[in-house]
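The chain that follows stands alone, in the form predicted on its own, written as C-alpha cells.
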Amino acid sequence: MPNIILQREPLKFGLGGWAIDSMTQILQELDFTGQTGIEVEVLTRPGAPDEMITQMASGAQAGNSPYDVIDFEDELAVTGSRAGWYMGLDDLLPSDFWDDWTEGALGVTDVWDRYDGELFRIHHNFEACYWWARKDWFDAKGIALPTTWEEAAALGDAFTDADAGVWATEDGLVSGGFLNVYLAVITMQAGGNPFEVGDEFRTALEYVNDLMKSKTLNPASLQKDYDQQNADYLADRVAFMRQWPFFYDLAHGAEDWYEEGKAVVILPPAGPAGAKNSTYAAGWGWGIPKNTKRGDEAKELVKWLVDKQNAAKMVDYSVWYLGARNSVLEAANGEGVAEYLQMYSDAGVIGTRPFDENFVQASSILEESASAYLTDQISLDDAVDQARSRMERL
C-alpha cells in the first residue's frame, strides 16, 4: 500500500457530468479507496471549455485549484499547459507504459499532451469522427455507399427532398466550437491543416459550399448543434453524416427506431489527399492541477486510473474510457464502438487533430471567416484572405 496519510477531506476529482455515474461506480467496484486509503469526491466540472478555462484561471490566479485531479479536453489542454496550470506526469509511469499504446495514440500524445517535452495529460479515450449511413436507404435505391468526395457530392440528387426536410447529409456546424471540427476534417481530407490557411483550406471551403449549393448538405447545418443533427437522423431525414462516437449509443438506444442497416459506420469519403488521415481523433485525459495541495494523493489516483489492468476494466463501464491502448482494445473485444475504432485504425484513416498554439482563438477566426463565406456574405477569396491575415496577427 502506498505510504499516504489519510486526510479528512476527500480528494476532489472533476469530471464532465456525463462521466459522473460511471466513474463513481468504477472507484467503488474496483475499490480504489480500499487499495490506497484515499477517499475521493467525484465532482461535476463545467462542461463547456470556456467555462472550465475561466474556473481554472481564477483558481490559478488565487494560487489554488477547485480540483485535485481533472478530466479535460483538448481546448483546456492547450490553454492550461501554456499557462503552466498542470503538474508533470512523466515520473508516475512505469518504463514500459507506452508499449501498450497504438502508434496513432502516441502521435496524439506527443502533439496534445506534452509541452516543452513534459507530459501533462494522459488520454483515456480516443474519439474519432465516424461516418454513419442509412445502408437500408442505399440498398433500396441500389446506390453504392460513398467512398470519395465526388461520390458523396452526387448523393443530393438521390436522397434530398428539401420540401420533405430530407437531405443526403447534414452536420452540426453552428459556430462556437462545432463548425471548426468539420473544417478541420475536410481540410485534412484536402491534404492540409486549416490553421495554416493554405490552398487546402480554400479547397475545403469550396467543397463544403458546393455540397450546400448542390443540395447535398443541408444549409441549415450552420444553425444546428449535434443534438439537432442527431434528432434529424433519428427522424429519418438524413442519408449519411459525420458524427462522434456517442451517436452509437443514441442510435442503438432508440428502441422504436433502430434496426440493422439504419446506422452503419462507413469509412470517410476520401478527398484529394486520399484515404489516409481523412478523419481525426480527439480525446480527453487525466491531469493534475499544479496548485493542488494534495499532489501526492492526486498522483496515486492518476497512477491507478492509467494502470494497465484498471484501464482495461474501465471500458466495461462506459465507452468514455475506450482508449487506443492495446490492452483496452483487447478488453473491448471488438464490441460496440471498439469495432469501428479497430476498423478505422486498420484502414489508417485516423490522423492527429490539427493543432495550433492558440487553438481556441484560432478556431474562432476560421469559423467566422468560413461562416461568412458559406452564408454568401463574402467571397471565397475574401474569406481566405481574412482568415489568413487574422491568423498572422495572433
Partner chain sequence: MTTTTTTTRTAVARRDRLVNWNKVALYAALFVFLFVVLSPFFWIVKSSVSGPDELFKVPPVYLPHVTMENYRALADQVPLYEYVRNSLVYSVSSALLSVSVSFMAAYAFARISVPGRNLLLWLFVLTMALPEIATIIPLYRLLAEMKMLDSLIGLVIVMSSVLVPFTVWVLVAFIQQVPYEIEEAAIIDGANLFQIFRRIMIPLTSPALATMLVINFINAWNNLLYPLAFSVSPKSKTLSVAITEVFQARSPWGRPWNMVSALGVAMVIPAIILVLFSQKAIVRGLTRGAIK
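Numbering follows the first chain given and starts at 1. All figures in this text were calculated on a predicted structure; none of them were measured in a lab.
Another form, the form predicted together with its partner chain, is not on view; read the next lines as being about it.
Contact annotation for residue 148: none of its heavy atoms lies within 4.5 Å of its partner chain in the model of the complex. Not displayed here, its partner chain is approached by residue 46 to within 4.5 Å at the level of heavy atoms in the model of the complex. Contact annotation for residue 237: at least one heavy atom lies within 4.5 Å of its partner chain in the model of the complex. In the model of the complex, its partner chain lies within 4.5 Å of some heavy atom of residue 284. Proximity to its partner chain in the model of the complex, defined as a heavy atom within 4.5 Å, singles out one entry of 310, 175, 214, 228, which is 228. The contact residue chosen from 330, 29, 41, 339 relative to its partner chain in the model of the complex is 41, the criterion being a non-hydrogen atom within 4.5 angstroms. Per the 4.5 Å heavy atom criterion, its partner chain in the model of the complex is contacted by stretch 56-64, the sole one of 30-38, 340-348, 56-64, 364-372. Contacts with its partner chain in the model of the complex, taken as any heavy atom within 4.5 Å, map within 241-260 to 244, 246, 249, 250.
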